[in-house]
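For reference, the chain that follows is the form predicted alone, supplied as structure tokens.
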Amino acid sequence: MRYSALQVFLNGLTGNKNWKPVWRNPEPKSHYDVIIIGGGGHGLSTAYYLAAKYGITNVAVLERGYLGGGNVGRNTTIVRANYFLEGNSQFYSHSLKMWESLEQELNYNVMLSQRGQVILGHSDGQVDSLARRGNMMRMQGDDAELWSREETKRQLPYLNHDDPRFPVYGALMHWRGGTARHDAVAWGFARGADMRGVDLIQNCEVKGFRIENGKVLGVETSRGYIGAGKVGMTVAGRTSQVGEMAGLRLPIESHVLQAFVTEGLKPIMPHVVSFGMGHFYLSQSDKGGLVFGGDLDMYNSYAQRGNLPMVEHVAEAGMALMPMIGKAKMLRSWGGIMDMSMDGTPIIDKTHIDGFFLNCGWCYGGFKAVPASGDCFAHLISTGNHHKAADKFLLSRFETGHVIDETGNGATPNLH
């Protein structure tokens, strides 16, 4: 079914009872050329690009629950390309370019809003660091604009600029950053993959792998054994668990990250704002709610819910940055399981098992990476070679010491 204003009007007259399912609900075949484990943003985009770019359509996406029920539907929807280190800078620049043409690519409205993303600086040292970051962004071909204290106050009058503990000294504006509708991204890639013949198999939990003579032959699932020529794993916070089924011990820890939204409010902030003196980020959704998040809960967990001490911590950061937020009612909170790597940078690579490929370690950056992650992972699976935008995201860097430590925190996953 084609989407149009006429279809919306006609279905509105009939109680919206005539919409057809957007994708099929097929039974699994006995064998596929490629199986992708994980029906989130990264898995769905990988399946889409395998079919759309490389003509590999005998593909199955196996999802334990329902499509888009994991981190792709549990984040704060921020899209940006303001990274500093080589490897990250190239990859996220590639991803942002893909975001900008994604709606045309999928013929689906993902509600990309390039409203600008601001990082605040609260000391001379932080502002100097922002200037270096901005220079790297511009050398990469992306936009960056360094604001003075006066310009920051003029552009963002709703913030507390004169807090004695956290005075605002300046900011780095990334105008092409912004937000997108997380559910729509998952639905758009699912629809596009299904239209090209990919089987999206929900309620299909992976139980193990058949591996013989160092080669993966297929997957044991709750719906029976499914053979495969190649297997790609994109399971985010479940990476360590699923990898262990294949005998992989990976440099990944799983942590809970909470997010929050307030009641709907009139428009008060046009940009995405990141607090430089605490891990806190804030934007306003199209429905009017203030969407924000902060640090991890700081302990290993596979629970999709958080705890009250971190709720208090995030609220304190919000009050320090924007005191008027205290007048809003918090509507709800939710949690996602982050696959935190040891250096805070993702992994897109082969494994020692022939035909078994790995996509993980996205930390806080999973949503903004969805298009490029799928593009680069599909390239690796189909050609056996690393995409030039992701050729630094190798598993072997943890053996050689060539880590990409964007935050400079070392091998402490919960600090990245």
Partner chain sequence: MRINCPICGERDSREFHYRGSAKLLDRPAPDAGAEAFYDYVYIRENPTGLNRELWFHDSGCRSWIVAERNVTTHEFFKTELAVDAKRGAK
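Numbering follows the first chain given and starts at 1. What you are looking at is a predicted structure, and each value in this text was computed from that prediction instead of being measured.
Missing here is the form predicted in complex with the partner chain; even so, the following discussion is about that form.
Under a 4.5 angstroms non-hydrogen atom cutoff, the partner chain in the predicted complex has residue 251 among its neighbouring residues. Put simply, residue 135 is far from the partner chain in the predicted complex: not one heavy atom of it is within 4.5 Å. At a distance threshold of 4.5 angstroms between non-hydrogen atoms, residue 298 is in contact with the partner chain in the predicted complex. For the chain shown alone, residue 307 is a contact residue for the partner chain in the predicted complex, at least one non-hydrogen atom being within 4.5 angstroms. Only one of 129, 240, 160, 155 lies close to the partner chain in the predicted complex, with a heavy atom inside 4.5 Å, and it is 240.
Checking 180, 173, 342, 96 against the partner chain in the predicted complex, a heavy atom within 4.5 Å turns up for just one residue: 342. The chain is drawn here without the partner chain; in the predicted complex, the stretch among 102-110, 251-259, 213-221, 68-76 whose residues come within 4.5 Å of it by any heavy atom is 251-259. Counting a residue when any of its non-hydrogen atoms is within 4.5 Å of the partner chain in the predicted complex, the hits in 401-416 run 403, 411, 412, 414.
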